[in-house]
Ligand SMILES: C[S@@+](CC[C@H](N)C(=O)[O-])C[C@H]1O[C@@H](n2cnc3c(N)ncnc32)[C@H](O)[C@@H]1O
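Presented below, as structure tokens, is a lone chain in the form predicted alone.
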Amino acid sequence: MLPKDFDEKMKKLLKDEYDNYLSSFNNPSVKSLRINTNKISVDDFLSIFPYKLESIPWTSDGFYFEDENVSKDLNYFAGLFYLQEASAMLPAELLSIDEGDLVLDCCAAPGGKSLKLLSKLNNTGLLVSNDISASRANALLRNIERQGYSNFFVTINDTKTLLKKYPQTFDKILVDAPCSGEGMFRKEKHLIKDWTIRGNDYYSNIQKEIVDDAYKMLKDGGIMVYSTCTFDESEDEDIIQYLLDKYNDLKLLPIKKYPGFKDGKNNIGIKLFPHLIKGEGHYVCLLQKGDKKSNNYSKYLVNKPEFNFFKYIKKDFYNGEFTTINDHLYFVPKLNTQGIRVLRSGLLLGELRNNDLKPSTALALSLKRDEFLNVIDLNEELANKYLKGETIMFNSSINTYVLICYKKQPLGFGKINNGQIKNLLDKGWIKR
């Protein structure tokens, strides 16, 4: 049952379309995924994926699915795809990224938008993936690690704290703002109760603060996406108009429209409604600050540490430094984070033991199959055993580290010893 005030508002907003919107609540929410093109091309993924998929019109790497078993597929544990609501794929899709960009995702958890931004960076530049909630940031970190990225920071701050450290710093910023969630009422019924308690004004005040801070962190020529999963003008178009009135160097950029997309009030952004598209509700707007500036990105190679384990790794490392923190080794992109609460700086490589490295699962997932000296491909049965933390029998007399793969995609590390593959999967990665 929708709140009366919300019901009346939607009647005014949608007019003749209101009955169709109301009928959409009788339809189940659609399920969708985005392919991790950092690990596999779309065509190659489609050739190996065992479930039926249907393309999402507004993104080249997003697909609808129906089979519930998709989330249990081993390709998920190899980081080949991420489950994400179809409408929520649009904001990061719209943000044009150049290699070497410094990018901020302001309100990033659980991570779907950050993952798309990282795929666009193509292992260059840097993403600061921020969320104010520590628990949500932990989930965000795990999702980024599973998909094999190293050029990121996961931070836990409000935007005021970030602004003090990073004024006029970022080339691109995504603000998927906290909102009243009206567009998700069909999928997440508990948001209806939240709406009756807090309403729209509570969020619009927060949104103004966040976009103000984001504007000030954006370089001249920088581009920002603002998005919500709500319909109310006070949280959508009015927030953008507030920015446009306050900053005369800010301008709207055009957004390509697909069937079912509706213009926002005064052509400020676009709205997605569940009765017009295959997905939930969303609002998106694209803005640019000042004139476009050139990207001065330069790439430099970093020498690998002398630890014995690195003789197995055939991957080069660029634009960062190797750093030891509490007996753990990290590869950290260059960024001054003093005064910022950081959950993770770059890629966790492993734990230092006896002057060598016990490699992390995050490192394994960051590698391509041909970037490690010794590789073992497991069949589905053995791959499932491996993901459950079990030891795998292996007929070999050699003692060495191996990269465990399934269908040529890394799952984690093992160590062959006395005819067995000792499972080196980190405890947090074990499939329950």
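We number the residues from 1 along the sequence you see. Treat the numbers as computed from the prediction; the structure is a model and nothing was measured.
The form predicted in complex with the named molecule is left out here; the points below concern that form.
Contact annotation for the candidate site: 113, 131 and 210 all lie close to the named molecule in the predicted complex (heavy atom within 4.5 Å). Residue heavy atoms within 4.5 Å of the named molecule in the predicted complex occur in exactly one stretch of 150 to 158, 259 to 267, 239 to 247, 328 to 336, and that stretch is 150 to 158. In the predicted complex, at least one heavy atom of residue 176 sits within 4.5 Å of the named molecule. Shown alone here, residue 106 lies within 4.5 Å of the named molecule in the predicted complex, counting heavy atoms only. Interface membership of residue 136, defined by any non-hydrogen atom within 4.5 Å of the named molecule in the predicted complex, is confirmed.
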